[in-house]
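In structure tokens, one chain follows: the form predicted alone.
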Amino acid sequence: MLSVRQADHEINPFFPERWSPRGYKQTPIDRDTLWSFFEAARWSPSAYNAQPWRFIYALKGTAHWESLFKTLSPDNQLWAAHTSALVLVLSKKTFTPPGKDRAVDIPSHSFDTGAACAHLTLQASLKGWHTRAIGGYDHSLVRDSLHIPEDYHLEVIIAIGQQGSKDHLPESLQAREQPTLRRSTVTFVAEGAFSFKE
């Protein structure tokens, strides 16, 4: 599949080579390695430099693991049980500008946090780790069990691990365990005005 995952324009091959598997091996991740991923996220750009991203992590085999793992949908639990860490991603919806005494909304809180997640994901890949974002989890259970204030938007849970065998996956997922293709750039880039044909 990687041999047909070709870029339309010249870019570093690192980008089309990165993908999000579900087959992982149960390799422990040390905190220094994991925190290097958070360090990469730290340097992401954000509106007003508000840095709205927040990460709550749990390492496999620790007391915190179950608090995040139990919130995943049953289908996601099937493969995520083999990963090394789960990271809940939040974005703070407001911030207090410098010199002000009142918080204001950050319309781009999710966008900025997504950029930070991209930094995290790319740093993980550079270090030989894989990530997969999970949207299928119980948001209410996460918010209640982790005591998350309403001023924070729940984004995704990122699973982190090293790629391993797909044998533990259901047959339906084994068949999908390969890098996916992407739409051509001409389908989502336009000059001057909206001209997309969905």
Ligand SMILES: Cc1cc2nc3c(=O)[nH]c(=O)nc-3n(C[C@H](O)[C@H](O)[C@H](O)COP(=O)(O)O)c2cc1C
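Keep in mind that this is a model prediction, so the values were computed, not measured. Residue numbers run from 1 along the displayed sequence.
This next part talks about the form predicted together with the ligand, which is not shown.
- With the ligand left out of view, the stretch that reaches within 4.5 Å of it through heavy atoms in the model of the complex is, among 132-140, 161-169, 27-35, 45-53, 132-140.
- Site residues Tyr57, Ser110 and Tyr152 are none of them in contact with the ligand in the model of the complex, judged by any heavy atom within 4.5 Å.
- In the model of the complex, no heavy atom of Gln123 sits within 4.5 Å of the ligand.
- Contact between Asn76 and the ligand in the model of the complex is found at the 4.5 Å heavy atom cutoff.
- Contact check for Val156: a heavy atom falls within 4.5 Å of the ligand in the model of the complex.
- Although the partner is absent here, Thr187 is not a contact residue: none of its heavy atoms lies within 4.5 angstroms of the ligand in the model of the complex.
- Residues from 177-198 that approach the ligand in the model of the complex with a non-hydrogen atom closer than or equal to 4.5 Å are Thr180, Arg182, in the order they occur in the chain.
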